[in-house]
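Listed next as structure tokens is one chain, alone, in the form predicted alone.
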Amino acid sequence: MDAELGSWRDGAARSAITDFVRRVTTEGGDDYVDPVERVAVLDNDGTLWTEKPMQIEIGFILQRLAAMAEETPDLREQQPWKAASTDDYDWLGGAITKHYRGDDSDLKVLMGGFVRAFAGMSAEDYLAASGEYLRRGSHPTLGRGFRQCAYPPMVELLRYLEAHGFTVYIASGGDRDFIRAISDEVYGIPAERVIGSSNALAYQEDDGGASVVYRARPDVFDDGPVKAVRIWSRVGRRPILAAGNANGDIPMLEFTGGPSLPALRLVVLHDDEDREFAYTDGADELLDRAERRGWTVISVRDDWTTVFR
């Protein structure tokens, strides 16, 4: 077994990865891809690290919303401040699940709170606050620090791809700058290769010269069809490998390869309730598409020897 993928069991998923990499890196082969075209994009929440009982980023937002509700008691009866004040993880996590089912009503409410929570903060201060939260905080049920919630098999996959000439990007529905705070430390992916959702930014002169600050409105929500658009706008190439775990990743996976390049599309299936969580909410369309299209499904239970370090 290839030591570079040491946390992967020998099976169909692992073979699909190694066979694909061999084909696209064998000079003179029918599927050879020049290194400059070897682009891989991977989702973050639920693909590179755990996303239950709610996405880790939402806990960071919750912390700020709860503080706002303490300062302004009238907010406690409004969502999302109400959910933040009462630790209503079901509402907060459910907003994302409903989005993957096509209902954005609660997500819009949550995003409205998010942009208000960080309006006026400089990008550097937000990055510092995110990093502190991620380095000090721990998962509410797994009993491990947030930085230890990454999946070793997927981190091994990142290194495996890079070792074979791939340039790897994170393409997430989560906030770009939140992920940037620890992307290099946890994944070995530099900040400039993180594509994600973002608030609108503004230039502002101050005593230190100038800063880039968050405005009280969203810029882009990097999910669904927007993922493919953002990948092209940031990378300027189609990926030849993509990995996701939710319905919002379907357009990214469909965009991969295209008419002239080979493609490997990976779908992470969370089916291990003993070592992590078992769920398909928000992934039903993706799993159906994967079956019909012959995409490679990675079983957390069957394909990984370990889920967490």
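Residue indices: 1-based, along the sequence shown. Fair warning: this is a prediction, and the values are worked out from it, not measured in the lab.
We do not show the form predicted in complex with another copy of the chain, though everything after this point is about it.
*Asks:* Taking 4.5 angstroms as the heavy atom distance cut-off, pick the stretch from 129-137, 70-78, 229-237, 143-151 that is near another copy of the chain in the predicted bound form.
*Replies:* Of the stretches listed, the one contacting the partner is 229-237.
*Asks:* Which pick from 187, 100, 114, 169 sits with a heavy atom within 4.5 Å of another copy of the chain in the predicted bound form?
*Replies:* Exactly one listed residue reaches within 4.5 Å, namely 169.
*Asks:* What is the one choice in 262, 282, 53, 251 with a heavy atom within 4.5 Å of another copy of the chain in the predicted bound form?
*Replies:* Contact check passes for 251.
*Asks:* Taking another copy of the chain as it sits in the predicted bound form, is residue 23 in contact with it (heavy atom to heavy atom, 4.5 Å or less)?
*Replies:* Contact check for residue 23: no, nothing within 4.5 Å of another copy of the chain in the predicted bound form.
*Asks:* Is there a heavy atom of residue 177 lying 4.5 Å or less from a heavy atom of another copy of the chain in the predicted bound form?
*Replies:* Yes, residue 177 lies within 4.5 Å of another copy of the chain in the predicted bound form.
*Asks:* Under a 4.5 Å heavy atom criterion, is residue 49 part of the interface with another copy of the chain in the predicted bound form?
*Replies:* Residue 49: no contact with another copy of the chain in the predicted bound form.
*Asks:* Does the 4.5 Å heavy atom contact test between residue 216 and another copy of the chain in the predicted bound form come out positive?
*Replies:* Close contact is absent here: in the predicted bound form, residue 216 is far from another copy of the chain, nothing within 4.5 Å, heavy atoms only.
*Asks:* From first to last in sequence, which residues of 106-125 have any non-hydrogen atom within 4.5 angstroms of another copy of the chain in the predicted bound form?
*Replies:* Stretch hits, in order: 123, 124.
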